[in-house]
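In the block that follows, a single chain appears as structure tokens, in the form predicted on its own.
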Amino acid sequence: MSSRVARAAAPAVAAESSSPLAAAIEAKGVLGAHRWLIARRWSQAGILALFLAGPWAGLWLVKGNLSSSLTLEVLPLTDPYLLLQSLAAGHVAGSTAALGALIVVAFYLLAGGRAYCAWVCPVNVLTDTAAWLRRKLGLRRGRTPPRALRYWLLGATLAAAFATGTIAWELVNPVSMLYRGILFGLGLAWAILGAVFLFDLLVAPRGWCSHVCPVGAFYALLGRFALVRVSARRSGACDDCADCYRVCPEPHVIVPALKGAASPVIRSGDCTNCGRCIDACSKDVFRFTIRFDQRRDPS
């Protein structure tokens, strides 16, 4: 669905100055209106803590990083996007790396590809903060690049790996730089992470994750086939407050499920399964389900 249709389907939220969670907080309380956000922050912090426990405290439950790791000396996990770059660079993948990538792919085919972006990626905290600050400062305009840009960049990173024989993207990947920076001093990582934050804050709303990041593009491709989904099952209760659009990092994915006549399930691979629409809706329109659950409650 085009962005023009999405804008037409959503109310004029740009002119709304109140908090998008005000009605939800009144209906469900502060914790109820932040339930999935709190769960995501615990997930992101917990995963990062597992990786840092070894270097910082000598507790080696997990060895490695988000690119490649070994948990409890048994479970290998490999970022499949990194493996693709490695293969494009002409490197031969070992059986352990290939098995780790298959495990990760299988997991995200269940949980939702871009669940990585919302539940694992530490840069998400940075971009969510920029989005929150935009709302607080009333910054409503920006120059958002085309959404297809991230897919072009995804192809470009693979092409760069093929041309150089190196995994070139990892030299500037904000996720990798953040991890290395925490361990060894941020250095150049400050500039990269600061640029991402300022880009989202001053240039393009939700620009990095939704329009630029090739990692998100890769996991969006997996997300098209994922089992776990968000459904607007109680769409008949919707009062057109548009709070879900205001908090969603990919608001265009809501329109077909909420306003369409067919499936209530959000099927787009762009959905991050972050649960913010569930948190923000005072009418409990949204819920997690599976892609085959086509039930829509009567009004």
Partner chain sequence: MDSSSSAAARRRFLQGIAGAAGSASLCALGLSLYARQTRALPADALRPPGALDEDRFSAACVRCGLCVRACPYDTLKLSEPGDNVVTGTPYFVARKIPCEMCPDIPCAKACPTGALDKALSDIAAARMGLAVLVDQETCLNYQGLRCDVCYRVCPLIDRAITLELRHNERTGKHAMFIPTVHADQCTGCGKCERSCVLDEAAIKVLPLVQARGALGAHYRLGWKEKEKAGRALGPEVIELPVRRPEAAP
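Keep in mind that what you see is a predicted model, and the values were worked out from it rather than measured. Residue numbers count along the first chain shown, from 1.
Keep in mind the form predicted together with the partner chain is missing from the figure; the text below concerns it.
- Shown alone here, residue 227 lies farther than 4.5 Å from the partner chain in the predicted bound form, counting heavy atoms only.
- Proximity of residue 169 to the partner chain in the predicted bound form falls within the 4.5 Å heavy atom cutoff.
- Using a 4.5 angstroms threshold between heavy atoms, residue 198 stays clear of the partner chain in the predicted bound form.
- Contact between residue 64 and the partner chain in the predicted bound form is found at the 4.5 Å heavy atom cutoff.
- Exactly one of the stretches 126 to 134, 80 to 88, 198 to 206, 112 to 120 approaches the partner chain in the predicted bound form with heavy atoms within 4.5 Å, and it is 80 to 88.
- Proximity to the partner chain in the predicted bound form, defined as a heavy atom within 4.5 Å, holds among 68, 44, 235, 268 only for 68.
- When the partner chain is considered in the predicted bound form, only one residue from 153, 222, 175, 101 comes within 4.5 Å through any heavy atom, namely 153.
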